[in-house]
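Here you get one chain, nothing else, as structure tokens; it is the form predicted alone.
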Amino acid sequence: MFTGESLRGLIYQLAAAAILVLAVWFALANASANLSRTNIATGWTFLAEESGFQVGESLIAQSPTSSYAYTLLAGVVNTLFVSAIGIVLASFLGLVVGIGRLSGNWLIARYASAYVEVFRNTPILLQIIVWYTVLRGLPGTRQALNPLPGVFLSNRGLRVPAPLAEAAHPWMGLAFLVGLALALLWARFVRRRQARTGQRLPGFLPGLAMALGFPALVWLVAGAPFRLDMPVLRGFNFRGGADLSPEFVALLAGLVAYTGAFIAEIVRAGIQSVPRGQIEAARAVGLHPGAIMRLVVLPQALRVIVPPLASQYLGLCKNSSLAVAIGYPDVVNVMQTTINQTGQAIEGLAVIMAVYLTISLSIAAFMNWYNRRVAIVER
């Protein structure tokens, strides 16, 4: 039986759901009527048609004869690529700067604070444009900067050496997966043994040896093959190596610098949430500062760091859509060109929304799973 309060709540929920359904129906009906009135075709058949344009920078082979669906896939891959690298680099930068802000060294702490205040309070679009302007203002290829052997920085982007494919590489990848699986099993065994006996076996170094040792062993058995494709200046451009365009470098630098500043504050807050007595107790048993941070502070700080960290990862992925401002061919840029050619605006926007929704939900699901793993359970 419903009480007066629960019945009233149910009525409110049904009314809200009905209003939402009516609003969606009205929007769709209005859009359909306007499209019919202006003779604009609708549907998804355009995805199978030939795109007629080539993505300027793509990790997968794409040509003007590729379908719109495949061309869109190239844009999605570019978005995932820059987002994945950005998440890794921003996490590392934020961890270093966050720890630096709490450093006892006055100069390091002030430099870290200045970085956070400048990059956190500057619009990310402005930062991306500044990075792009700086890269475009670099010397040409003939006067390219050469900070390291085989590394060239010019107004055409960053050119670095690239390893050449070897027959042993697939087997090395398989060996890495096997070693990683064994490392995870070892870490699980270490945790269970510690919970059962109170004795802690080394976990990180043996796990790292398993993950990297098996591929290294395969590499040695195969004769230690290693060749690099070195960039060489020929004519007006470089040949060989891996080419990172100015658009990619500028977008990545902007995403990393901006998100890293927020992650640094999250890390600082997480570290400061650990009771001071925990650190003093660790010092009392003779642990050095590095071990205290790695074994005592960070494991406890993770329960505070992980939830807001998920929001920063989501923000980084969504901010990658600003690539359209500098011409990097991400999913938004590719779909914008597709909409201009086909006129399928509603379908194009729906695809963009679906791509970012899928990415966001995937990241949120992973971070929620990891948050449950690092949470401290009261027994």
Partner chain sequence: MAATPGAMALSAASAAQALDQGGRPPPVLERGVLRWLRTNLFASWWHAGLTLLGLYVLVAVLPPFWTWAVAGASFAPGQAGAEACARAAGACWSVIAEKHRVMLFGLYPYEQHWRPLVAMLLWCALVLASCVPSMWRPSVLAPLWLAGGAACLALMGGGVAGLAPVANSDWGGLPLTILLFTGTVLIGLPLAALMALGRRSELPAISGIMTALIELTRGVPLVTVLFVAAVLFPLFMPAGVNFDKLLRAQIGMAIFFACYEAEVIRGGLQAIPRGQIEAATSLGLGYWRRTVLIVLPQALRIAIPGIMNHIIAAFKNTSLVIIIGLLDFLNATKASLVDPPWQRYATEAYLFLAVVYFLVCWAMSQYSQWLERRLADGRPAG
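Positions refer to the first chain, counted from 1. Between two forms, the rigid core is the largest collection of C-alphas that superpose within 1.5 Å. As the structure is a prediction and not an experimental result, all values here were calculated from the model.
Just so you know, the form predicted together with the partner chain exists too; it's not on screen, but the next bit is about it.
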{"query": "In the model of the complex, E280 touching the partner chain (heavy atom, 4.5 Å)", "finding": "no"}
{"query": "Touches the partner chain in the model of the complex: Q143 (any heavy atom, 4.5 Å)", "finding": "no"}
{"query": "In the model of the complex, Y111 touching the partner chain (heavy atom, 4.5 Å)", "finding": "yes"}
{"query": "Exercise: T65 in contact with the partner chain in the model of the complex, heavy atom 4.5 Å", "finding": "no"}
{"query": "Among 245-253, 67-75, 155-163, 101-109, the region lying within 4.5 Å of the partner chain in the model of the complex by heavy atom distance", "finding": "101-109"}
{"query": "In the model of the complex, the one of R239, R294, R191, R120 near the partner chain [non-hydrogen atom within 4.5 angstroms]", "finding": "R120"}
{"query": "Contact test, all of I129, Y258 and Y356, partner the partner chain in the model of the complex, heavy atom 4.5 Å", "finding": "yes"}
{"query": "Partner contacts for 315-349, taking the partner chain in the model of the complex and a 4.5 Å heavy atom cut-off", "finding": "K318, S321, L322, V324, A325, V332, Q336, A345, I346, L349"}
{"query": "Core fit, then W369 C-alpha moves 2 Å or more between this form and the one not shown", "finding": "no"}
